[in-house]
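Next comes just one chain, in structure tokens: the form predicted on its own.
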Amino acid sequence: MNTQTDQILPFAGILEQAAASLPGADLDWVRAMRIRSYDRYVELGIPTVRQEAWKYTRLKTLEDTVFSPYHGDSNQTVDVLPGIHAASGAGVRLVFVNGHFRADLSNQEELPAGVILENLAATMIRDSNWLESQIANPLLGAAGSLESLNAAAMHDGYVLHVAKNVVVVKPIEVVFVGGLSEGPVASFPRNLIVLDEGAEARIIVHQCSAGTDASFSNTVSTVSLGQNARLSLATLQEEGDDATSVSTTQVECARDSAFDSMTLSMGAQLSRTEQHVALAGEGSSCRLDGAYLMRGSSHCDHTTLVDHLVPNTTSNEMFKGVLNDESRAVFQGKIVVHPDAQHTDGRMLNKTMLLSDRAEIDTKPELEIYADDVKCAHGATSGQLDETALFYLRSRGIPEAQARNLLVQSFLGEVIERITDDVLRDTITEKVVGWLPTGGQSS
């Protein structure tokens, strides 16, 4: 139960303040969902370190800063937008600024027939009944605090629906820009991805900041994969030093479907990325990969839960990170093999390199197995640069700073090489090289 009072509960009264401006205000099911969700949020309160799932991550910015939903000018100038395949406005791209959809910066053309890509507010108008069937959660009691807050305050987000056997060849890029405001601002994106039987798509999400103001983003994404569907989802989190970013992705995989995820975290003062994957159909699989690079006093948290619900499912997780200065990282990974999930193959690995004796990693890989015919493994290691390897490189005439960087690149290379998109892989490699320290090791 929530012990926080309305006086200190962040976003207390948010529905009363913003209800009229939120999309779906004229839809009964949306209003009912918002009210139920807000009541649930008030009941639970903001997560604290007293809860096991949040033991290592404290949402201190919500205690110290008053964030307000953004209601300013949604047409402000954005000088530079990140992009890989959709560079210079070419290719398919959706852009959101402080949580508001910007059609003038987006490009929804070049999509094959059978694909719907639009912002959430547009879907509420175009096909409210279908949207209700996808996001009006009847099991609201199981939702966490921040997911409930998102459902109560969701303003916009992207919706992708790919019809049966349609393959989207070109990657879809989605850009979320924050920080363009005159004060601390909060956004609550709600995203929905539905791939019907045999459909395939690739999505690249950019999270960045264009201003210097403090921001808080609480994002929830729901993914539904039909039989034999394939989805690749890459998220590049490069928000500013005053950003707090929390995201939850919930995935359900039907028979023989596959979900591949890659997350790069190298920004924000505090970030937490949660992924909950339910392997609900035989032959389904998921691969969850991540790389994190933190410096200063930044804090990042990667929390995953994979539920093997039926026989013959596969999961593979690899998260590797590099921490400098006084930065901190958290990895919490859990694989649950349910009683009927025989012949499960579940693997998890977390490795962290510490470039400073003040950096810290909290890692907690878990296996919870209720079946007896399975192959499961997990592991976690942390440590500093290999001094023997460093000495070898220096003995070959390589300067110390360059030798250190080569070892860091090699360390992260194992997870980066698992990216199948050549352009994305090269882009992430360039970002890693650009992040690396140019001097010696921090003390």
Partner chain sequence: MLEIKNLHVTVDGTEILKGIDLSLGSGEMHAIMGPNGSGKSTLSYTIAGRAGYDVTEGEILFKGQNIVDLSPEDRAAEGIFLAFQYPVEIPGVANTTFLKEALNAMRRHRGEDELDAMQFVRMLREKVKELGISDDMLKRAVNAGFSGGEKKRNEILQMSVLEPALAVLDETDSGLDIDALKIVADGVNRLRNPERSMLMITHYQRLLDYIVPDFVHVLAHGRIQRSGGKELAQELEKNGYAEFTKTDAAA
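Note that the structure is a prediction, hence the values are computed from the model and not measured. Positions refer to the first chain, counted from 1.
Keep in mind that the form predicted together with its partner chain is missing from the display, and what follows is about it.
The stretch that touches its partner chain in the model of the complex, counting heavy atoms within 4.5 Å, is 406-414, out of 406-414, 58-66, 26-34, 41-49.
Using a 4.5 angstroms threshold between heavy atoms, residue 394 counts as touching its partner chain in the model of the complex. Though the partner is left out of this view, residue 389 does reach within 4.5 Å of its partner chain in the model of the complex, counting heavy atoms only.
Remark: residue 53 does not count among the residues lining its partner chain in the model of the complex, judged by a heavy atom distance of 4.5 Å or less.
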